[in-house]
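The chain that follows stands alone, in the form predicted on its own, written as structure tokens.
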């Protein structure tokens, strides 16, 4: 199956975005400078770069967790920082998955997954039904009543992804969600995420240090320069889906191209 053509209408946009991390003493640390980025509906965009280049800061800006120091962002055509204040409704279509699952240890898997609905006032029966549906779809069937301490790292991360999906977000932001997993579990989770994106066609922005992982998952790979981070290059990944053979010459050619662009960005 050929890779789908990328739609033209962006659901996420940054224009001239920059961010400075304040310090208790001395000048602020400049994390991002003049980041221009558009992400189209249904697109899977991976962001790669060296440690400290601002990848996570950019994702938190897109999620509304951090206000940009400079520039403008739009979520589905709306400026979510009106008159200097965060508009929660503008970020309603956005779900976030962090590297650490951040599950509440005193809640079961089902209750952790259903927590966003509880905060929205959704009734218990509907929360349980939707959480159990997601658990089945993400390989957690039979573990709905387990506590986080009883789960493997991969299963905890599955629960974290389920929690982010419980509100049916149109946009899913993922900050190195598989970075702490062992290699085999990471490969399984990456394949599962590809399947999930194929089924849901959610818009995904995925931060990773792994170039092969980025190429396996993404329609485009965005490369950031070392701090302060700015967009150094964007590589289109036109490989057909589903992608299964990471040893194929075509796959390895894209990996080499992304690696070369990243090395060039390092100067």
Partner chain sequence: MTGRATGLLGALVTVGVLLGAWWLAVAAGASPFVLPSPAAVGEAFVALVRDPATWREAGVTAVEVVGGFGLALGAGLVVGVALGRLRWLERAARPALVAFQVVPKVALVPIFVLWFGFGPGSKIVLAALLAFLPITMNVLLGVRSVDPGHRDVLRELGASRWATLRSLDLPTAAPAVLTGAETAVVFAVIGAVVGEFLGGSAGLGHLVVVAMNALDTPRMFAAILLLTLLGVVLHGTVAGARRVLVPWHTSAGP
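In this text the structure is predicted, and so the values were computed from the model without any measurement. Residue numbers count along the first chain shown, from 1. In this text, the rigid core denotes the largest set of C-alpha atoms whose superposition between the two forms falls within 1.5 Å.
Quick note: we don't show the form predicted in complex with its partner chain, though the next part is all about it.
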Exercise. Sort through 29 to 37, 224 to 232, 58 to 66, 207 to 215 and report the only stretch with a non-hydrogen atom within 4.5 Å of its partner chain in the model of the complex.
Key: 58 to 66
Exercise. Heavy atom within 4.5 Å of its partner chain in the model of the complex: which of 159, 94, 131, 174 fits that? Just give me the one.
Key: 94
Quiz item: Which of these residues, 84, 121, 105, 77, gets a heavy atom within 4.5 Å of its partner chain in the model of the complex?
Solution: 105
Quiz item: Is residue 98 close to its partner chain in the model of the complex, meaning a heavy atom pair under 4.5 Å apart or at it?
Solution: yes
Quiz item: Do residue 167 and its partner chain come within 4.5 Å of each other in the model of the complex, heavy atoms counted?
Solution: yes
Quiz item: Is there a non-hydrogen atom of residue 147 within 4.5 angstroms of a non-hydrogen atom of its partner chain in the model of the complex?
Solution: yes
Quiz prompt | Any non-hydrogen atom of residue 115 within 4.5 angstroms of its partner chain in the model of the complex | solution = yes
Quiz item: If you look in the model of the complex, which residues in 220 to 240 sit within 4.5 Å of its partner chain (heavy atoms)?
Solution: none
Exercise. Could you check whether the CA atom of residue 111 moves 2 Å or more between the shown form and the other one, using the rigid core for the fit?
Key: yes
Quiz item: For residue 74, is the C-alpha shift between the shown form and the other one 2 Å or more after core superposition?
Solution: no
